[in-house]
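Next comes just one chain, in structure tokens: the form predicted on its own.
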């Protein structure tokens, strides 16, 4: 029996107050996320339970109990306070996926700071843009990234402190502090910042098609949604070993790589190493992972490696598989059943929503290729793009809209009210994605609002084309964008990376075109195919279609600081 039980019954009976009661949120006037992710778990008698098992690229492993997380996060909170930092100051975590990243996140929240997680692979320009915008007061980082930080210090007058967690005996410069989490004096108790439900907690930066990145600000009560969605969508249970493959520089890596699992007292594992099918499967086997939350791009890469690596490992501990970041192709759902004996469940949400808002739930019928149905407590609709009124017709494409009011919804774009206000129309938050709804209430993703291809007045979704392309035996990765056309306004252009053993040729191009024509429609058939070695992706695994589209339209590329290999 899954945690969510009957979806229909949950939708009928659910309200967010019930989720607060289940978490004990607000008991004794406590609202701080840091408390709920560490101290509360210890108070419940689970202090000796493993909270984090970490494995580095060399195979080195470390394990931390919830009591360790409590004490070490207290130490981080203490050093931050001793530097004079205060409630509401923005404090950046800029590290690889090492234990200090996860535990300092909790410590910043405990002292009342606003955590600003940034990808450790960001270059100097990307860093300056975000730190300057947020007026960040401190950075927690490592020697590996210290050179980058030093080169930009003069451009950031608000940046007072750089805390280096592995400085050792290395000389430091003015404003830099050496702090070893494990060697620092253990701090058993601190006064956890007395925050309210609406006190800011996490500031995540998200990139747009043009202009500078936007800082989506979340508050401490976001944990209410993150905890209950972890329980009902990720189906986490007390004895689970949970693996979220996302970097905390991405919202998935904080909402469901720190807050959600630890609020539920779940043991999670982290692999700080590059991707390979064998490496991932060996990690699952070694640590006996039961719940696995990953990205469609990673799943497609595993598909590319085939079933042979799967057969070399014992993956029998896997109980529940969930996907996030991009729509999950039907082919990937079917393949995962073949490979692992169970399907990946898609989940849909954004940086701005803070938690999962549409999903396929354990025990609920999966329709491969569908995002699923709205989470209980979330009012969703497909809206007319002109009137922002709900579309009543089954199968008609429109904009995904959500009624504001769920706990983890972002409260503002940092210092950018104008852009924030544009996200709301007619009482709905506009996600910026297009979808249709079928007769059973399942949502079917079509594409980003600015990704949808309008060819001869017909809207064609890139996701549908890409899913079909991936089913062609030669295609490893695919992306579809609109290309300007004097007659049809736009036509479809596909970018394709081939599987090993296939060679680019005119015959293969025609074969793929006709395959799509037959599978979908003449409108969906690519009028041009460009073979590439790989597709541009963000570090969180999303294919950056807008870069490909901008190239075809001669448009400004915009912010590319999250690009995998920029």
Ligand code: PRX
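The term rigid core refers to the maximal set of C-alpha atoms that superpose within 1.5 Å between the two forms. Residue numbers count along the first chain shown, from 1. Please read all numbers here as calculations on a predicted model, not as lab measurements.
Same protein, other form: the form predicted together with this ligand, not shown, and the subject of what follows.
Of the listed positions (448, 150, 288, 237), a single one reaches within 4.5 angstroms of this ligand by any non-hydrogen atom in the model of the complex, namely 448. The contact residue chosen from 176, 89, 464, 433 relative to this ligand in the model of the complex is 433, the criterion being a non-hydrogen atom within 4.5 angstroms. In the model of the complex, at least one heavy atom of residue 325 sits within 4.5 Å of a heavy atom of this ligand. Within 4.5 Å of some heavy atom of this ligand in the model of the complex lies at least one heavy atom of residue 371. Interface membership of residue 350, defined by any non-hydrogen atom within 4.5 Å of this ligand in the model of the complex, is confirmed. In the model of the complex, at least one heavy atom of residue 251 sits within 4.5 Å of a heavy atom of this ligand. Judged by heavy atoms within 4.5 Å of this ligand in the model of the complex, the contact stretch among the candidates 342-350, 264-272, 373-381, 177-185 is 342-350. In the core-superposed comparison between the shown form and the other one, residue 187 has its Cα shifted by less than 2 Å. When the rigid core is held fixed, the Cα atom of residue 450 travels 2 angstroms or more between the shown form and the other one. In the model of the complex, the CA atoms of residue 443 and residue 489 draw together by 3 angstroms or more relative to this form.
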